[in-house]
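So here's one chain in two forms, each on its own in structure tokens, numbered structure 1 and structure 2.
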Structure 1
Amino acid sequence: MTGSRTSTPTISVDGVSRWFGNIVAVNDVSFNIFPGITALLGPNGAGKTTLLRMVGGLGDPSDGGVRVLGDPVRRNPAIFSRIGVMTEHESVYEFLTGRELVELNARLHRVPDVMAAVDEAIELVDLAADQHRRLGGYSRGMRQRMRLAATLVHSPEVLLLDEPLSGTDPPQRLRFMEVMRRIARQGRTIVISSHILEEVETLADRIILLTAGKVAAAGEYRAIRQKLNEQPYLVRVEADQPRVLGAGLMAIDAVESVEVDEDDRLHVRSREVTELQRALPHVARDTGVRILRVEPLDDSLESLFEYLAQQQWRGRG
């Protein structure tokens, strides 16, 4: 990402592809990542996990290369003293207590003061009170937090977190974000993968958008958000007088087009969905139409990714 930067990237992904039989999971992807928080964003099946696994040393690329902190990551165990990886699987050794899991990681990382590091990591995820309970009895969110503590216990320079917020509730997410920001301020590199834009929009400085195994967009969060906002939204409206409502909606700037389908339902296309939401009840009131149902047809992250990918291919063509 951000190829204009002149400093040495923490993570360098160069022409990486990965295929499984006939399926191409990651297709000729290149980017650099620098200190700070970077979100790897994409719909399910976009190749985020496959890519993150290759960056984390859990799998080989079929083609291309990955370097972390200047070194290859596969068959180079020494690099793991500087990297922390939290995989997408929420599995833990269920017979261990939360503290034992963190301690296991600290000892395998040969942390100098194990007990102090374990205390600090558990404190960071706010699980001191439950640290002596078996992981098998933890809730999903608690497991994720204890896994995060185990990932952080050796103070890695690079953190790779695959869907770390799954299973966490809103207060836990806020706490997680606070922890991530604190770590990022120390000059460390954090890569978080997610398929939920809202999950990372307040957290990430930079975003890499993946779709169908390719980078659809990469850059500062605001620029990406702007691109996302350019996508027209499609909303289906059912009303008792659809044509009257349609005529009224066409008078609004926010509305790009209105069509009536064979079931007399309106398909309203708009680039300013917030404005449309605000105006719709007013138009209905002014035209004396009763709205029966409003349904976004493509208000999903997948459709946004699709749109961005199409824009990208058009740009290349």
Structure 2
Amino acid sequence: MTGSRTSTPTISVDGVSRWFGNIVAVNDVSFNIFPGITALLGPNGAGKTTLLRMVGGLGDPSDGGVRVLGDPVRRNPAIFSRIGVMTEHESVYEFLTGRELVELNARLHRVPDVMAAVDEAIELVDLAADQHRRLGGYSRGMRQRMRLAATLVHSPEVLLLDEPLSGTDPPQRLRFMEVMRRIARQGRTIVISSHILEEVETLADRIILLTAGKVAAAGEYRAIRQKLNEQPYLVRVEADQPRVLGAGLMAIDAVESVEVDEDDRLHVRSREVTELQRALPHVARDTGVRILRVEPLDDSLESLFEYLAQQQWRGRG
């Protein structure tokens, strides 16, 4: 873990809602964020971007309030110099060099020593050797890191990064994460939105799950993974005698249900994942069935969101 917990939150979101006409994008959300790295996770349409915009002072809540570094964030120009926002979509002029992009942002923020600040930001993201190349010739990962340098150039205490790892390959992702850790060790607060749990599992100190505009769960990675393990687990099994295997699996306590789809593949549902994994080869051996393929269908963040959303709706009934 990279951050240290203090008694005063850096970001405080209190009963925040945001609606657009009849569409509720964020619904009565409350949480506190402390120094370190916090991941805001949710599928598309969960309200992540809307929430980040309100935290960054770029949009008004319809209800509730947001405070950053102890102050209200909306219509408070003094706080903007302490916040860095990196949007999801690339907003760069490809004819600019990397250094020119960072320098432009430094001048917009009226940084006292522009050249020194630009040098420091570019060095932090490890792109000094490429700073004079045009952005149009950068890879996706390099662009994201140079955009990060532009976001960092005025030394903000709070960083809000909307899907910064989108479209990056594994090596680019690792380099970006290392930069994040380095910044977090300086005592800054970083909020990263993502829709992929594994993308931030080794990076974030804390994870906040959003679904349908509400907080579905919050905690360390282990707590979120436990939520995933609590949901009914679904696997698809292909075998040479599917109905024979299905009958054998129904005798196992760990199995809740077995269905055969139109392609003669088994869909096995269980809440005891480990026990199911152990029992499957034994049942196949005892019934004389040859297993051709086993594929998990539910070990994903999307399935967790769906499960948690179902629990929320049931709780309202």
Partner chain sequence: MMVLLALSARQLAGGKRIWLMLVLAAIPLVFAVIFALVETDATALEFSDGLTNYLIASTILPLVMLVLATASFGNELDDHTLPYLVLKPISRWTIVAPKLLASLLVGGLPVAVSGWLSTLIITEGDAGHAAATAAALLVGAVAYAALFTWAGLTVRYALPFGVAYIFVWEAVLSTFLDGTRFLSVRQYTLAVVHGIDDSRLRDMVVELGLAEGLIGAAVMVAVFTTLTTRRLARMDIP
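Definition used throughout: the rigid core is the maximal C-alpha set that superposes within 1.5 Å between two forms. Each residue is numbered by where it sits in the sequence of structure 1, with counting from 1. Quick caveat: nothing in here was measured; it's all calculated off a predicted structure.
Asker: Is the form predicted alone structure 1 or structure 2?
Answerer: It is the second structure that is the form predicted alone.
Asker: Aligning on the core only, does the CA of residue 204 end up 2 angstroms or more away between structures 1 and 2?
Answerer: No; that C-alpha moves by less than 2 Å between structures 1 and 2.
Asker: For residue 248, is the CA shift between structures 1 and 2 at least 2 Å following rigid-core superposition?
Answerer: Comparing forms between structures 1 and 2, the residue 248 CA shifts at least 2 Å.
Asker: With the core lined up, does the C-alpha of residue 138 move 2 Å or more between structures 1 and 2?
Answerer: Yes, its C-alpha moves 2 Å or more.
Asker: Give the C-alpha shift of residue 98 between structures 1 and 2, in Å, after superposing the two forms on their rigid core.
Answerer: Here residue 98 registers a C-alpha shift of 2.4 Å.
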